[in-house]
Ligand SMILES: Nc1ncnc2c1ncn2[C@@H]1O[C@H](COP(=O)(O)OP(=O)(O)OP(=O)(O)O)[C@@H](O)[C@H]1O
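One chain follows as structure tokens, the form predicted on its own.
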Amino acid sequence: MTQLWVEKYRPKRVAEVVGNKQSVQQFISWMRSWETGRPQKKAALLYGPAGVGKTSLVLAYGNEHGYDVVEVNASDWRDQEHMKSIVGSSSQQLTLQGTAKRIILVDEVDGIAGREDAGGLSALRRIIDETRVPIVMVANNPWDQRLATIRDRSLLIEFKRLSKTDIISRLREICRREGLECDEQVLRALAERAEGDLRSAINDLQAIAQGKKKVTVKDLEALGSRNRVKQIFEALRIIFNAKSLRSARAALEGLEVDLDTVYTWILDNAPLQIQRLDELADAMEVLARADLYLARMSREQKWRLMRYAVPLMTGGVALSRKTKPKGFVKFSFPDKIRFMQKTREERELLQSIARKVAAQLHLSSHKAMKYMVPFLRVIASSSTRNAEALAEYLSLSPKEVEYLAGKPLEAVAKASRGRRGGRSPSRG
């Protein structure tokens, strides 16, 4: 049977994990606190969309540092006895080598919060309090109220969707190792389609490359469509038509979208869905209060405030609308998200430059972006020779140098496509 590429090319070392560098560093620091015997939190909760490297990071760290990783899928072990026998015993026992170098990996921990939970959550809480080894939990959506006590006991580490640049780079590496010739346009299309989910992109690449030595744009026709916007539309439909607080809150269960994005969708669509001004005023009032909780939660890392923000932005909005619009009113794509998508390529380019500057000058990416990139713009735009010197020193791509030199992004992209087609830019 053909091996799945997502497993074949799963990272073996932490350095091979794609993207989310700050989150990766947070996890490393937490593991080192265990290794020095002084962890502030005995558990870590890695959360974010599917396919962004949460589980892969844990497995890579365990492989690289000699840990025995005990994997448990929480959605399959909801009851108390199973949780105690599998996770509880592993958190106390030594390994076969007589050491405590073990990591308990509880995947899909949000799956344990279903209505059929039979004591699994309470057992997991006690296990975290008593554990002698690191416990890492993984979730797509950790904001279910029933997970509140788990969140309070854990270091929360957020993973975001991967950039198209990161996904294309990984797909290109897989093609090289498989001896597969793949059109660059195909890689870009797969990265766009994946919407930040590397696992989906790798699966799609393997699906269209099966039995081939060369993949062309025509091969993309074999793939169906994947659209997470449909998930949000369904959640909005539930929220704006719910008759109770409970049913409105349920709209977020299983939604693979971060909370700030959901808030933006609700905020932008409220004026369209709630047409009576007095009802809209009530909805905007509860959204404003939810926004205050979300901002404070993010700023102060007080995750317990989620218990107030989520009911307000879902149930509060639902109960504000007492009259339905005349006829169907379609949902609108938020202007903020549309703008962010439009400028995503430019932001990814800037982030790539900042990472290279940070690595060369031993700075954080934030400081590199804020303090160094403006100077690099001046240097790169002053002369071709200076631009070439910067490119060599910082290992910048031609596209990055042209962008720093002030060339419009559309022209940069066109020149980049020309180089891929075999044309070389003239050098002054």
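Fair warning: this is a prediction, and the values are worked out from it, not measured in the lab. Start at 1 with the first residue shown and count on from there.
What follows is about the form predicted together with this ligand, which we do not show.
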- Query: in the predicted complex, which of 62-70, 32-40, 387-395, 48-56 comes within 4.5 Å of this ligand (heavy atoms)?
  - Reply: 48-56
- Query: At the 4.5 Å heavy atom threshold, is residue 202 in contact with this ligand in the predicted complex?
  - Reply: yes
- Message: Residue-level contact is defined here as any heavy atom of the residue lying within 4.5 Å of this ligand in the predicted complex; does residue 377 satisfy this criterion?
- Response: no
- Query: Is residue 17 one of the residues lying within 4.5 Å of this ligand in the predicted complex, judged by heavy atom distances?
  - Reply: yes
- Query: Is residue 356 a contact residue for this ligand in the predicted complex, using a 4.5 Å heavy atom cut-off?
  - Reply: no
- Within 4.5 Å of this ligand in the predicted complex, heavy atoms considered, which of 190, 162, 318, 135? 162
- Message: To verify the annotation, which of these, 352, 206, 131, 140, has a non-hydrogen atom within 4.5 Å of this ligand in the predicted complex?
- Response: 140
- Contacts from 167-196 to this ligand in the predicted complex (any heavy atom within 4.5 Å), listed N to C, are 170
